[in-house]
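Just the one chain here, the form predicted on its own, laid out as structure tokens.
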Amino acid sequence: MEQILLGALSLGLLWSVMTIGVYITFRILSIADMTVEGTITLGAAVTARVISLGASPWLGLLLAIVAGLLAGLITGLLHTKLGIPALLSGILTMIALFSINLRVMTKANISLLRMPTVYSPLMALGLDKTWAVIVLGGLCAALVISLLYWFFGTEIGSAIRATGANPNMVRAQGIHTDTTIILGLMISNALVGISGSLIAQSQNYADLQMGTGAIVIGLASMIIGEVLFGKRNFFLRFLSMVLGSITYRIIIALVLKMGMPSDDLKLFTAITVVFALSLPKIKDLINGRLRPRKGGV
């Protein structure tokens, strides 16, 4: 059981970076960005190809960030400059990325067994693979939260937040909302690229289908974090994304331990998201029934 929980913790930390990226688009910009499903594979594909060619895994991680930025830029340009709805822009980029990812990898999957990864230095110090992933994943999540907390407190970051809340007011202040939307999408997809890179190096392979259902996993983790750990100040919101991602992975690990077939994971995740999104409505219905009617007993 201890190994199962440690494995869930390590996976949760790696996926939490993607969850924060989903939070930026879904909550801050109020955009459902489907680019995520292609970008997470893109980050993994770029990193795996770089490592397989004998280059540094840190270079692979850096190029995964650049690739994520470009993916977000494309989605942003389709939405803001060509007037394509945000959801459709993300879907179009996601579809295009499937072919691009295949071009990058040159085949359906790349094995990274017996190749150096960003976890290798920690493993050389005596840590096993799981603890190396936990340490580096935790440091990465902490760095991402710190940088984003600082960034969204700056003038540009505040403009991005305001754009999602009230774009008309932002335009009235002379701020170019197209720019803030594009920047928000680029930051979000850069984080997703980082997550894809770290996940690929953790599992020692990159696969063309690894991004399938990523947006649902990100939403499930985000909503679990919000429901269980609240929506207080901005720093705690980012932290709740990490805790939500870890909690989601622990739930999945325990459910699998109880005997649920792995083929049903996507269905379970979808049901979890539906339930979590419906919680406010369910609470209203319960409160409405419990609240005594006027003139009643």
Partner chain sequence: MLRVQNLTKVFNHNTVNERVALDNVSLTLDAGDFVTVIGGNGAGKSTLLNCVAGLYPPDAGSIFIDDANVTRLPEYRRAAYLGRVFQDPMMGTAADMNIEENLALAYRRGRPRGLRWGISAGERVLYRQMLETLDLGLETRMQSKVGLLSGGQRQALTLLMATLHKPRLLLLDEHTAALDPKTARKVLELSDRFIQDGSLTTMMVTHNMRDAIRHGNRLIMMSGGSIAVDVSGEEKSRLTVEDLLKMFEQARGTEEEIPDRMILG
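Residue numbers count along the first chain shown, from 1. None of the values given here were measured: they were computed from a predicted structure.
Below, we turn to the form predicted in complex with its partner chain, even though it does not appear here.
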I need to confirm a contact call. Of 82, 88, 108, 172, which residue comes within 4.5 Å of its partner chain in the model of the complex, counting heavy atoms only?
172
Heavy atom within 4.5 Å of its partner chain in the model of the complex - the one residue of 99, 166, 120, 209 that qualifies
166
Does the 4.5 Å heavy atom contact test between residue 249 and its partner chain in the model of the complex come out positive?
no
Does residue 156 reach its partner chain in the model of the complex if we count a contact as any heavy atom within 4.5 Å?
yes
So, residue 176 and its partner chain: in the model of the complex, are they within 4.5 Å at any heavy atom pair?
yes
Taking its partner chain as it sits in the model of the complex, is residue 161 in contact with it (heavy atom to heavy atom, 4.5 Å or less)?
yes
Tell me, please, which stretch of 184-192, 220-228, 145-153, 124-132 lies within 4.5 angstroms of its partner chain in the model of the complex when heavy atoms are compared?
145-153
